[in-house]
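The chain that follows stands alone, in the form predicted on its own, written as structure tokens.
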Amino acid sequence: MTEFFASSRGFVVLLLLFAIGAAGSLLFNKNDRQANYWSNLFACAGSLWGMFVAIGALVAPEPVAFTLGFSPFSLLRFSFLLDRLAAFFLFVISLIAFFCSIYAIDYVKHYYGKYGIGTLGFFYNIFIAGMLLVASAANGLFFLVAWEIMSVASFFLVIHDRDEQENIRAGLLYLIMTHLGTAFIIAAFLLLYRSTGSFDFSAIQSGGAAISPVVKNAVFVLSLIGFGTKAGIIPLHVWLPAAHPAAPSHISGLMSGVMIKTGIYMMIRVFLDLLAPFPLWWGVVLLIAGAVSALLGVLYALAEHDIKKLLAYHSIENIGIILLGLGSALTFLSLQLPTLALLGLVASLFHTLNHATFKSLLFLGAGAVINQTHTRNMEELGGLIRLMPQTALLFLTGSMAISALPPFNGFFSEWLTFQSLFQGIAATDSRTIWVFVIAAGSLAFTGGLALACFVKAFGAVFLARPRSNEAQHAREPSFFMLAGMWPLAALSLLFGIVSGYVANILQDVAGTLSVFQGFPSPFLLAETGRISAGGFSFVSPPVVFLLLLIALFAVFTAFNFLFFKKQKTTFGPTWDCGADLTPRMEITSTGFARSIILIFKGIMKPTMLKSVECRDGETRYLPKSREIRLGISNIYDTCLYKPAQDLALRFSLYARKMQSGLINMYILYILAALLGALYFSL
């Protein structure tokens, strides 16, 4: 049975399910209810089938490669490769898409009568299919087609709520940035084609000896910019905090949980599978990029009061953590330490899986809150734990997982990342040891700030008293929305408890890459249920889980049967200093984050806006009301994108002088362009 799924026929069925879902959504475009159920049920079916295809490819003894159809262009082949790396990403995409589609059945109902649900369902199915094609493409040109399908479909999903001009601007920014990244990717594949004469990944891999070091370095830089733009690496991240909040919440969960990971997948595919061997500085660059993205991502998340923007910045942080594992893998391979490199890559893949589960859970939980309160501003929320207890528990689960608290999955993948960095400190010389020291320090700092950030987020949204009328009347979301979140919460815990077994599976996935063939495993036996970092250290997730259960039981027993057994509890009014207690007296998210932001004011450049309203005839020292807003300067726009925009504008004004209006001059330009193209094609 697994042979059928991991075959061309099984993959065709997978694509047909999403094609039928997309076409049927347009067919029922005038009936929102039918379009909703049609699109999401076929998306669920396609995602479930995609998991079976991925599992079939994972257990297959050899990679599954096939070509579908006939292309009229000799360089474009609809060829697919389902090796274990591709199968792993197919599984992650399908897993998250399945639960997001269940959630969407009830979530999109608030769009009924406002926007066409059929159009939303069409682009939703195309978007998921595009991501699956990206992960399975085995030809450079076909990959670019799939990449464009994924990007354009996600653009239309971002601007679905098009009555808000902010959403339109976010979508346009995303479209510009993603196509800028695509331009760099095209340049990288053209360089590879010039050296190997083919766009097929297998031909590029076998012809790697013909690629000069200069071309390899150029391809690395171009690919890092192109795929890094999609992944959201700082400073290429500017589209991400704008686009993710603008999209519907189940789309945000997919974009943050899996779409940005397609950039990580292609980095692994190009750097490790196609371009090996490579110089040491590649890994160093990835380590630095990961450290910067992780630390700055969490700092900017801490300053945010828009709950979806906060989660979007945390996606940048976690992409940075993934890059720390990938960067250590490249560095170790350059230093001829393949066993440690495998450890780093497994840490990267494990955090890819874990981030997909808890980040999609958090976005779905945020969507449930926004759907009830109609605001993303955490300053207007509060007290929702009494009104939405299940959502609060689910959001707390995701918060603990992303904060790397045991026994949840985020702890163990970050533990593995730490071990790979510590191994780098112990096993490398003075050329690279300082990079590993900085990366490990950045990861430790990031973990502490992430915990503080989600204390702020959970406290501001769910604790204390409601700070708006909408928050006072919130209620638990409907069945399908909860049904989409509960399994993700369970997986966040389950992947933590069975981390040893998951790590062994990921070791098999990573070990199939050609650069790791014939080297020993860095882990101990799966039967022990523990993770071992090459004998350097180990942890047993089941034991950690059991110890935590014992500790919780001991605390519960002590408080309920020892300390308070003979005490009588009485309830009375809280002392309020003679004034009525109001939500204005609560600690807000601004107040919570202010001290930390001021510590990093040299980096974040905080701004403060004061507004004072005075009574008639009174001074500002006795105001009627006072309002203080704390903001953060966008240093990327100020220092990078605005100067680049001004330079492009000046160049455009200069180039406009070439428009003389003379046909003879235009023919001369065309002739010069043709001569240049002929020269470089030789």
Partner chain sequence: MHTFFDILQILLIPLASPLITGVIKKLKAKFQNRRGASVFQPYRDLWKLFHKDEVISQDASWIFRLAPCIVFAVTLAVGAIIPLIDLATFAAPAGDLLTVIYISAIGTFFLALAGLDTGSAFGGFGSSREMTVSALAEGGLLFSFLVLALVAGSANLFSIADSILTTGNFYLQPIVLAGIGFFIVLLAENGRFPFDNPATHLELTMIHEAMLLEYSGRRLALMEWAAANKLFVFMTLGANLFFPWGLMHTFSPGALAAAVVIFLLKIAALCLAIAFIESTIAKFRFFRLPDILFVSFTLNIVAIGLIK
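This structure is a prediction, so every number in the text was calculated from the model and none was measured. Numbering follows the first chain given and starts at 1.
Keep in mind that the form predicted together with its partner chain is missing from the display, and what follows is about it.
- Out of the listed residues A210, A490, I433, V214, I433 is the one that sits within 4.5 Å of its partner chain in the model of the complex by at least one heavy atom.
- With the partner omitted here, the residue from S202, T339, T512, T428 that has a non-hydrogen atom within 4.5 angstroms of its partner chain in the model of the complex is T428.
- Its partner chain in the model of the complex comes within 4.5 Å of no heavy atom belonging to G283.
- Taking non-hydrogen atoms only, S206 never approaches its partner chain to within 4.5 angstroms in the model of the complex.
- Within 4.5 Å of any heavy atom of its partner chain in the model of the complex lies no heavy atom of R376.
- Residue contact with its partner chain in the model of the complex: G116 places no heavy atom within 4.5 Å of it.
- Across the proposed site, P406, F418 and L552 without exception bring a heavy atom within 4.5 Å of its partner chain in the model of the complex.
- Of the stretches 482-490, 583-591, 105-113, 241-249, only 583-591 has residues with a heavy atom within 4.5 Å of its partner chain in the model of the complex.
- For the stretch 435-467, the set of residues having any non-hydrogen atom within 4.5 angstroms of its partner chain in the model of the complex comprises V437, A440, G441, A444, F445, G447, G448, L449, L451, A452, F454, V455, F458, G459, L463, A464, R465, in sequence order.
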